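For reference, the chain that follows is the form predicted alone, supplied as structure tokens.
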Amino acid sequence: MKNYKAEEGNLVKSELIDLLGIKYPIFQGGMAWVADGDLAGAVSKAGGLGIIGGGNAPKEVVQKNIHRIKEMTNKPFGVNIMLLSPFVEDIVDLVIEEGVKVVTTGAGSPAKYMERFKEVGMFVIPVVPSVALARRMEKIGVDAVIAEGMEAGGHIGKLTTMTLVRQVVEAVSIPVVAAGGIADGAGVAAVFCLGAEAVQVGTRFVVARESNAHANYKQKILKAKDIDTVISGQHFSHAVRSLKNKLTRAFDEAEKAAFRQDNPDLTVFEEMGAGKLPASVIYGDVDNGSVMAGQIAGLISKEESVEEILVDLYEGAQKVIAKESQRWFG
């Protein structure tokens, strides 16, 4: 992997930052429908790692977002590839054609594409929910892993960030990025202390000024309390964390009904979730759409620029670490 020179005045020294050439060790999560070229481009331009959310989007849509970032900045950015997407082969071709330097992956293993990625010097960072998967990813030659705890919004695993990150750091020799439940400097400081070299933040960037998420979606997050997220589909489908609304209540009722049946029709869960994320993100239907957000939503109370968020996260972490070091060690 080619090393890209980190920005002048880099605030922290780490292998990951040196490799990526970014100022802040902060990734913006590759959230489907939310993480478009405008948001990801703003994050990269301000010194973080902006990541386009590929989701189930076709090649033309992802390409448009890549071109948008290239119009905004020449700084590093990434694309998140959802490996279960029906367009995954096209998206793999696209990121190679466009010279994308970083890919993050979810919903599977990127093993079949690793040779092609490495031929062009791409930096590959899968999202992992367990130690076992982190180890497998290291064996196939990925450059880092994103250890994402169940506090995160969207599709989740079963371990919390606090338990997962520490164990993954101990289990692998490659850099670990922490994700799930991080939205301020204290959260960043906490996972740095667990051994992470960077963080990935999603929910707080949803409400950034540069985010094109619908105003209703943003307001739903800004008004959220600590107990306002719920996990849907964890027993009969893919577990998803989102803010409570009519859709989450419908999922809950469907799960209760399925438990009462000997051979429940599980396709109902896929049908219930189809198209519900764009319904809220794009069209603002936050009652019947899926309002994916992390548990940390209760800590997010205002809309800010991407640059303000990045500075607050990193400088906030510095202040917390300095304060606690003084308190404990004098």
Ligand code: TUI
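Computed from a prediction, not measured in an experiment: that's the story for all the values here. Quick note: we count residues from 1 along the sequence shown, nothing fancier.
In what follows, reference is made to the form predicted together with this ligand, a form of this protein that is not presented.
- None of 254-262, 155-163, 191-199, 95-103 except one has non-hydrogen atoms within 4.5 angstroms of this ligand in the predicted complex; the exception is 155-163.
- Just one of 120, 186, 133, 111 comes within 4.5 Å of this ligand in the predicted complex, counting any heavy atom, and that one is 133.
- Note on the partner interface in the predicted complex: the residue among 169, 207, 88, 240 having a heavy atom within 4.5 angstroms of this ligand is 240.
- Each of 107, 148 and 292 places at least one heavy atom within 4.5 Å of this ligand in the predicted complex.
- This ligand in the predicted complex comes within 4.5 Å of a heavy atom belonging to residue 129.
- Heavy atoms of residue 215 never reach within 4.5 Å of this ligand in the predicted complex, leaving it off the interface.
- Although the partner is absent here, residue 84 sits close enough that one of its heavy atoms falls within 4.5 Å of this ligand in the predicted complex.
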